[in-house]
Ligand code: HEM
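In structure tokens, one chain follows: the form predicted alone.
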Amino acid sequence: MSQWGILLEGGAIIFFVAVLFTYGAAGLKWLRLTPALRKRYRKLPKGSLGWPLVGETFAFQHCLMSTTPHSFVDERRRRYGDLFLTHLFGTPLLASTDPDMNKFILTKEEPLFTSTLPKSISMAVGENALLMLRGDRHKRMRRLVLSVFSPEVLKHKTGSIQASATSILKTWKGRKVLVADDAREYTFYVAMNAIIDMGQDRDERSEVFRNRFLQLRAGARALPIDLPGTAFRKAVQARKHLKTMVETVIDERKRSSGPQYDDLLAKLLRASESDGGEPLKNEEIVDVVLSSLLAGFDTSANTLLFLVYYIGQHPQVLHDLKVEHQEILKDKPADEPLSYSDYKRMKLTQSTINETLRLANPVLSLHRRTLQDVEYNGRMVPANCPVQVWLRSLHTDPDLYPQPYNFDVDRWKGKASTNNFIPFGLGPRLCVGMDLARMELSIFVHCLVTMYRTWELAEEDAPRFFPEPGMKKGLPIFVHDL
């Protein structure tokens, strides 16, 4: 999804020129090599490279903007199978919607596969981000980040997350609410609290940081055109400011003898104490902090937006959620904050989150690249070939999910985790913030259904999937008191 934002910046001509200059050489190289590749790899999956240079990008874009956003992949899967060749945004690639193949791709890292990112995202996250690291460096950094999002640490964050949700929801009474805006505000500050507490002058610095961060986020979704006025150029400049702000906080922490923080930044500053390794350099810490914020912000905000939408569209689900959360409150003294054990009791809430992620996963696909020739079940994938695990088509496969476009939380009753449902990825790059994301979503739902009786659309609205998942109007609603 990150490549698409720039399409809104210029129109068809600018877009075509950008593709021509940015991706033309790569596209022509692929077209020259294709006959040789097919001769050498006779078992290469079937598919189409589409038009010269632009490939099938416009057909893909058209489907995303239509009422059938999954039809691009669904049509090619019917025609070519669960693993097929296509050509999007200047990059020829293999797309997989097969559960077993997906597991193979996502769990077999080096020496077979490695994670890749578009240039715009690579710029935003930095070369030391988890998504960019490989080998022992990746394993070490992953251990450090995971330790901050472990159940033992999250147990102490339920109260602060509930306070954030309650503070935002109190402002909903008596006004038209644009859920998209408040979802972004809520998830951003939950992420900030877990990743980098700004310390003194927190409110003022956090707001400046947030504004720069939003510029960085916009550029991460744009084509990498480094010209004045483009989203990418603004993002490059925003990242420089954010780097300076993070380094300022690092210096303050190193000089301070005050109270210890329990955020990710603190863990990274004490890395050598944790594992006996070398202290991390400032640039490593900055990259991990910014990439962690980027990874957890949009995905959680978009999921929360769709949660509110789907629950509001299904009165029985809302009723059943109220019963679940009132049952939790019944066993607690009045005004006592939620505990981690309360969160773990939210079974129906988790099913509702699962169904929302299945239908409206904010992550379209996961990017990998082969490091050598790879053969799996008679399928040959050549070395240095981009491969995408297509999550949304997997999650709406009618063979795996009957009536796949119906919102049905009952489909999750007693359902064990399988390769058919991987909204947070799989294998050594499974999302490190998965548990925090589920907890912040669950606690927001708890506060929403216990503070208000119901809600209704203030204007007609509908889901969209271009340039990213969301609601066309941001989901304007009115809430009704208990």
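All residue numbers are counted from 1 along the displayed sequence. What you see is a predicted model, and the numbers here were worked out from it, not measured in a lab.
Not on display, but discussed next: the form predicted together with protoporphyrin IX containing FE (HEM).
Checking Ile161, Leu321, Leu357, Ile196 against protoporphyrin IX containing FE (HEM) in the predicted bound form, a heavy atom within 4.5 Å turns up for just one residue: Leu357. A heavy atom within 4.5 Å of protoporphyrin IX containing FE (HEM) in the predicted bound form is found for exactly one of Lys176, Arg142, Lys332, Lys108: Arg142. None of the heavy atoms of Gly219 is located within 4.5 Å of protoporphyrin IX containing FE (HEM) in the predicted bound form. The closest heavy atom approach of Pro404 to protoporphyrin IX containing FE (HEM) in the predicted bound form falls outside 4.5 Å. For the chain shown alone, Pro362 is a contact residue for protoporphyrin IX containing FE (HEM) in the predicted bound form, at least one non-hydrogen atom being within 4.5 angstroms. In the predicted bound form, none of the heavy atoms of Leu94 sits within 4.5 Å of a heavy atom of protoporphyrin IX containing FE (HEM). Figure note: of the listed segments 162 to 170, 245 to 253, 374 to 382, 300 to 308, the one touching protoporphyrin IX containing FE (HEM) in the predicted bound form, with heavy atoms no more than 4.5 Å away, is 300 to 308. Using a 4.5 Å cut-off to protoporphyrin IX containing FE (HEM) in the predicted bound form, not one of Gly312, Ala458 and Gly470 places a heavy atom inside that distance. Residues Leu130, Leu131, His138, Arg142, Phe149 of 125 to 150 are found to place at least one heavy atom within 4.5 Å of protoporphyrin IX containing FE (HEM) in the predicted bound form.
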